[in-house]
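Presented as structure tokens, the chain that follows is alone, the form predicted on its own.
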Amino acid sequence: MEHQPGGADVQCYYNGDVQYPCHKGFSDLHCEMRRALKQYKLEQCSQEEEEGDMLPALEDAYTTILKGLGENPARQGLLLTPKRAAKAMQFLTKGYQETIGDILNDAVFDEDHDELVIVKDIDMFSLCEHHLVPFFGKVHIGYLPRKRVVGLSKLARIVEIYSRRLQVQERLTKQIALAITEALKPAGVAVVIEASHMCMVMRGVQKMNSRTVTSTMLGVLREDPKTREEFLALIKN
């Protein structure tokens, strides 16, 4: 690494074969990183302010629930429960505040690859919109690229965006598949979710070992039996 002259206020910063112009001692790369960090902080502050504005209404709602259950919200063990529960609910539904554009963040790359890409066993936690109790399990994702791939961690982030909302498993499965299709325009997408639903375990029929499996297949993975079978075999092995 070295600095070389590049004008009165501009120098060139060399890192291997890459040259970054420097302005008053700061490279373009460094400035870009600082701008991105500043933008991230502004977005976080905006989100925290929005969540803070909604917090009192949620606290009041949980206080009402406690009273409706015959509890005394003023007793020691429950004094902070409405606030804790409100913050927990905001976290469990934070996906409403996020978009695919926010998390992809230019992480889609041109790549000469046209074989299956699979990320399996992605942990998933969500809330059933019918009873507001959890369902959780694993998500398996596969797609067949058209010379464009996405950072692997972004697939898990897409799962997080849609699972951190009030959901039903069928819709969640389809939303994940459609989001990947829109972002990458691949030849095909497959999403399989296996989950346990507390609304069937803790209440209702109370079947402890039941699991629900849903799938969405799009493009080649829906139309071509061999490609679909390859995906299903790989997520099971």
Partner chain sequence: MAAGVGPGEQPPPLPPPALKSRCAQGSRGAQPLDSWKEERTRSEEDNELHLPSLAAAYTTILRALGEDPERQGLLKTPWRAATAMQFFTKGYQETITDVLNDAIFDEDHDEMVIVKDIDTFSLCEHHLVPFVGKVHIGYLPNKRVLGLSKLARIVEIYSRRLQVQERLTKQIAVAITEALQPAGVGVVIEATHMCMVMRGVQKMNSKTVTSTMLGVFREDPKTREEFLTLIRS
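Because the structure is predicted, anything quoted here is derived from the model rather than measured. Positions refer to the first chain, counted from 1.
There is another form of the same protein, the form predicted together with the partner chain; it is not shown, and what comes next is about it.
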Partner-free chain; cross-checking the partner chain in the predicted complex, the single residue of I103, L92, A156, L116 with a heavy atom within 4.5 Å is L92
Close approach of K147 to the partner chain in the predicted complex, 4.5 Å, heavy atom = no
Although the partner chain is absent from this view, report whether R171 comes within 4.5 Å of it in the predicted complex, heavy atoms only.
-> yes
Interface membership of G68, the partner chain in the predicted complex, 4.5 Å heavy atom rule = yes
Contact test in the predicted complex: A107 vs the partner chain, heavy atoms, 4.5 Å = no
At 4.5 angstroms, heavy atoms only, are R211, T216 and L232 all close to the partner chain in the predicted complex?
-> no
Taking the partner chain in the predicted complex, which residues of 72 to 101 have any heavy atom within 4.5 Å of it?
-> N72, R75, Q76, G77, L78, T81, R84, A85, A88, M89, Q90, F91, L92, T93, Y96
